[in-house]
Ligand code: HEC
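First, one chain by itself: the form predicted on its own, in structure tokens.
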């Protein structure tokens, strides 16, 4: 093989490995959602299986979003939503529509985080990161509403076509078929592909940058 060809192969291999390293540095591996690293975990050789399974995924009728889900499912459709006199969003629907139901399954502290692996059923999520305890989201940012309708009703909300993270706000909404819903996954990147921002946020919130992506203040 000519020297130039050898150099080209070596360069390509280096760039490929570099790209892999960059990608791997912003992933669920070794993040707070890598449950295989939790103290006392039995299944330390598995990462994805805590939430996803390639075969025999859950088929709960309450799920309207199911990415081969293996973990527990919060089946309640009557969580108390956030409400405020200044809120223009319609909060009469199920606040857990879309991927939010999957988040709450662990984060409200009612389902063990490793239930999919039939491990220790008492391994609940820690209190500091519990959300929706007691089936109420009354003190949390509103979710489960049609963002398009809310933006049309409130002049202080950016339109869904506004740039956000790697696209527009619309790209991060859940399409229910009739509405574009704001969910937990609108702001939080559960696999941390957007980068190692605090609390799995798509956008670094320094100076309230994330908040100001949607709110005109």
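Everything numeric here is computed off the predicted structure, so don't read it as measured data. Residue numbers count along the first chain shown, from 1.
Not on display, but discussed next: the form predicted together with the named molecule.
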item: Interface membership of residue 103, the named molecule in the model of the complex, 4.5 Å heavy atom rule; value: yes
item: Residue 53: touches the named molecule in the model of the complex, heavy atom cutoff 4.5 angstroms; value: no
item: is_contact(residue 129, the named molecule) in the model of the complex, heavy atom dist at most 4.5 Å; value: yes
item: Proximity of residue 185 to the named molecule in the model of the complex, heavy atoms at 4.5 Å; value: yes
item: Contact at 32, 88 and 143 by the named molecule in the model of the complex, all three, heavy atom at most 4.5 Å; value: yes
item: Interface residues of 135-171 toward the named molecule, as seen in the model of the complex [heavy atoms, 4.5 Å]; value: 137, 141, 142, 143, 145, 147, 150, 154, 157, 164, 169
